[in-house]
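One chain comes next, on its own, written out as structure tokens in the form predicted alone.
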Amino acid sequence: MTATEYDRLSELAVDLGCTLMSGGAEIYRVEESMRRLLNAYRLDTAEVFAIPSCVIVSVTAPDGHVVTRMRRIPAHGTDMELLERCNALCRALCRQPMPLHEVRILLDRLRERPQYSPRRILVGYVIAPAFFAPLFGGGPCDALGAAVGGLVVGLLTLYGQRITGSNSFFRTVVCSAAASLSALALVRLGIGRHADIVTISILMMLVPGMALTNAMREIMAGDTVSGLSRIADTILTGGAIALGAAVGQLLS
């Protein structure tokens, strides 16, 4: 392999790691996928490092030339379909390495494919709170109220950027306040009987359960920096949910 190919391969590994991270992958999955990609092209001495906001790959060529790539990752959510496509591509490359230009095309296609349509996302915002309501002791009327409130939060999340802004903390506060206000309004209109059950059912859509689970797993696996970073993010999100719900109660 030439020096240019080492550059391209390290860039491909960084792109794969960033794509996995943007889909909400665990740190071990990101690092292992990048390492397996490099090992598939016989780069057994490559070093990889990842935290939720950054990915670093360092490759040493036979002539001693060191190629290092680092990329910062912006705020991201969870996309299980994207993770599945990335895992499938990584497994395919481990079984049969391809020319680097073909790998570049396949990686670009991963990001080009659209995520779930807004209609499907809104359906999820409607169905999930409706199923949470019975778990908290609510009846069919409460489930209906939670479904309507979930739709309100979903519409605000997808189309209310001017109201929620780009800051994730402020966005969570606004969505939580909207959930609290919509739950109280729906109960007063007769769509729901217990305001507390309807409210908590809607707020469950905003709880960062997967992030907290990944944080605990990473701490137990020894990725302390990544785990503490994710825990700090989940604590801030939880605080934003509580603050938004309190604001909604006060405004009502």
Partner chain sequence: MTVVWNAYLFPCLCAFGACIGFTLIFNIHGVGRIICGVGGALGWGVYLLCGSNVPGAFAAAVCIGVYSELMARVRGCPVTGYLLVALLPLVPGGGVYYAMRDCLAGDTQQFLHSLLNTFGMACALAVGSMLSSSLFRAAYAYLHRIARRPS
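Numbering follows the first chain given and starts at 1. It should be emphasised that the depicted structure is a prediction, and the values quoted were computed from it without experimental measurement.
Only in words, not in the display: the form predicted together with the partner chain, which the text now covers.
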| property | result |
| --- | --- |
| Interface membership of residue 196, the partner chain in the model of the complex, 4.5 Å heavy atom rule | yes |
| Residue contact check: residue 213 to the partner chain in the model of the complex, 4.5 Å heavy atom | yes |
| In the model of the complex, residue 97 touching the partner chain (heavy atom, 4.5 Å) | no |
| Partner contact for residue 167 in the model of the complex: the partner chain, 4.5 angstroms, heavy atom | no |
| One residue of 144, 128, 93, 110 in contact with the partner chain, assessed in the model of the complex (non-hydrogen atom, 4.5 angstroms) | 128 |
| Within 4.5 Å of the partner chain in the model of the complex, all of 5, 41 and 229 (non-hydrogen atom) | no |
| In the model of the complex, segment of 167-175, 67-75, 98-106, 80-88 with a heavy atom within 4.5 Å of the partner chain | 80-88 |
| Members of 130-163 lying within 4.5 angstroms of the partner chain, judged by heavy atom, in the model of the complex | 131, 132, 134, 135 |
